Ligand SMILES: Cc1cc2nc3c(=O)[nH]c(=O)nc-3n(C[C@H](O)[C@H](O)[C@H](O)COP(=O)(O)OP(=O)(O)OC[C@H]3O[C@@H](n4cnc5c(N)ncnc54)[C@H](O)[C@@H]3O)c2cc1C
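Only one chain is given next, in structure tokens, and it is the form predicted alone.
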């Protein structure tokens, strides 16, 4: 039988979160008619993660509201859920799997052959390596995480310590206050919350708003140990302070799920390094999507970076699918280099952070573009005098004003300086 490119063969998508779903959809949209197998460790079909630290934690959103609707185009996709990818040979084109259930793992060593591979295994929460008990310490990444933490936060008089003043940490702190926690304290070695992505001016205003709504902060110090016997009762800080704690939430960054790719000649130092077409390791039959991908963005420069924003799974999936299908069907020309405009938002208390572009590249030159820092405000982030990002802080008026600057960011020509 003659094998017709694009009509037979299998693409394996390693990872069944949002990036995996969007990859499957975009592979079909790009014309792939062969089989698609999506492998994911969780037992659930893909669902929306941002509400976990807000609506789900607050009890305002059941799981059914998080699940993504499956389009007709992916009705024939094979979903291998409750299955972990444990290894791969990218040259011989196979991945190794093991099934995961409540009792542990089984079926290790199964090999699944592929013609094309999409790396979409995402991230997992980084954990603190400090002495002390582990019971009472939580992360927020999965539905099970959020459900378990919510049960703890509803205990009367609960005292909560959130370690990490980034997006998730600030969102969880705001939700815990809204649920009526007796004390909520955020710990971070930086002097201000979200300082690195937002810069000093915006971060200082964020700190004021959180404190005004009841969140306490212990900044400029880290955690050295957890106190308690079987369960956490306190958090010992580097400055000698001990914070009483019934519940601890660790929000100290992420670790890329790339161990299964070890043994291949790849740069896995921070996620999976790709080229401007999202190809992995120079291999035309392997692409990466979502926050595991570290890619250059010619809109700003040629420095590869990971981007952990909600829009990235969809944006990368669309481009990576075109790249992969173009190769598998024998087309010589692929898409233009990937140059997204990142977008993020974060709901905290009664206000929203809304961003377009890459404000992290312009924190040394931040200017008020619209409004006032104490109310609805839009901040502009500049690098070498060029607007590279905007951040709105406040209500709908601020978010609406930020949208107007999005058009300006999109009009700017891409830069390709190294």
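Computed from a prediction, not measured in an experiment: that's the story for all the values here. Positions refer to the first chain, counted from 1.
From this point on, the text means the form predicted in complex with this ligand, which you will not see here.
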query	finding
This ligand contact at residue 53 in the predicted complex, heavy atom, 4.5 Å	yes
Close approach of residue 16 to this ligand in the predicted complex, 4.5 Å, heavy atom	yes
Any non-hydrogen atom of residue 188 within 4.5 angstroms of this ligand in the predicted complex	no
Residue 276: touches this ligand in the predicted complex, heavy atom cutoff 4.5 angstroms	no
The unique member of 301, 250, 315, 308 whose heavy atoms fall within 4.5 Å of this ligand in the predicted complex	308
The unique member of 163, 280, 198, 140 whose heavy atoms fall within 4.5 Å of this ligand in the predicted complex	140
Stretch in contact, per heavy atom within 4.5 angstroms of this ligand in the predicted complex, of 222-230, 286-294, 321-329, 129-137	286-294
Sequence-ordered residues of 238-272 touching this ligand in the predicted complex, heavy atom within 4.5 Å	257, 260
